[in-house]
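Presented below, as structure tokens, is a lone chain in the form predicted on its own.
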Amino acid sequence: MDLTHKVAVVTGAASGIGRAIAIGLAEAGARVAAVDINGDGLIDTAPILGPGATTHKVDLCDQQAISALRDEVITVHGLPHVIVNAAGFDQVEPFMQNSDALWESLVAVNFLGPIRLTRAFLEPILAQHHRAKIVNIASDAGRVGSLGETVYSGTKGGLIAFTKSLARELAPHQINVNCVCPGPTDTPLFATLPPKVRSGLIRAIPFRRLGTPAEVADAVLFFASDYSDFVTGQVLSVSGGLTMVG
């Protein structure tokens, strides 16, 4: 898969799935603009992405910071060909124990963050009739629900619906919008779950193992490549068969 001469913006690139996506795109030849609020993680990731990559410490809850990011990326790289909204977070606990502050943070980062970043980059992309691929990282929790992740699941379900609706709007502009839904994946976030929860999830997966961030990145690479030129508005689960629904 050759993404040489392509520019890719990846949020959440400092760790976990976002980091694996940034690395995968860079290995395919893309120049990556790696975005995260975790500056130290970006410093660790940057050498792996090659000399053409740039890193950007950005709070995706800050609209002005997103606008500044867009301007900086376009100045350095030009218009992006690939936008991957991979940033997100979770806190597993019963719904009735959630705080209002947690709800607001989940919505701001997991749902409004991708919306704001996508809108910011679409303005110059549409103005210049530029083709692009947008890939949103949701979760199978947004498709089938997940115990202890009720509002998180809601934000991911919203991101799936946003993907499908935006795909319809942007199809006349030849812009593809698709969604990847990881199942349980071997990430720092998964490691924070109680051992009993982790082992139960692994037993529920038909393949009897966790997914890897690189396996999620492979799905993103498909959507970012020319192989997906006639694919839009689709949701691809990478879950080892955990969620076999149509």
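Numbering starts at 1 and follows the sequence shown. Computed from a predicted model, the values in this text were never measured in an experiment.
The next section is about a form of this same protein that is not shown, the form predicted together with a small molecule.
| Option touching the small molecule, based on a heavy atom within 4.5 Å in the predicted complex, out of P206, P188, P195, P47 | After the contact test, the surviving option is P188.
| query | Which residue among A138, I134, I125, L117 has a heavy atom within 4.5 angstroms of the small molecule in the predicted complex? | reply | For this set of options, the contacting one is A138.
| said: I37, L60 and A87 - do all three of these have some heavy atom no more than 4.5 Å from the small molecule in the predicted complex? | reply: Spot residues vs the small molecule: full contact, yes.
| query | Is L25 a contact residue for the small molecule in the predicted complex, using a 4.5 Å heavy atom cut-off? | reply | L25 lies outside the contact set for the small molecule.
| query | in the predicted complex, does S15 have a heavy atom within 4.5 Å of the small molecule? | reply | Output for S15 is yes: heavy atoms within 4.5 Å of the small molecule.
| query | Would V109 show up as a contact with the small molecule in the predicted complex if we use heavy atoms at 4.5 Å? | reply | It does: once the small molecule is placed as it appears in the predicted complex, V109 has a heavy atom within 4.5 Å of it.
| message | Which is the contacting stretch out of 47 to 55, 217 to 225, 25 to 33, 180 to 188, given heavy atoms within 4.5 Å of the small molecule in the predicted complex? | response | Of the options given, it is 180 to 188.
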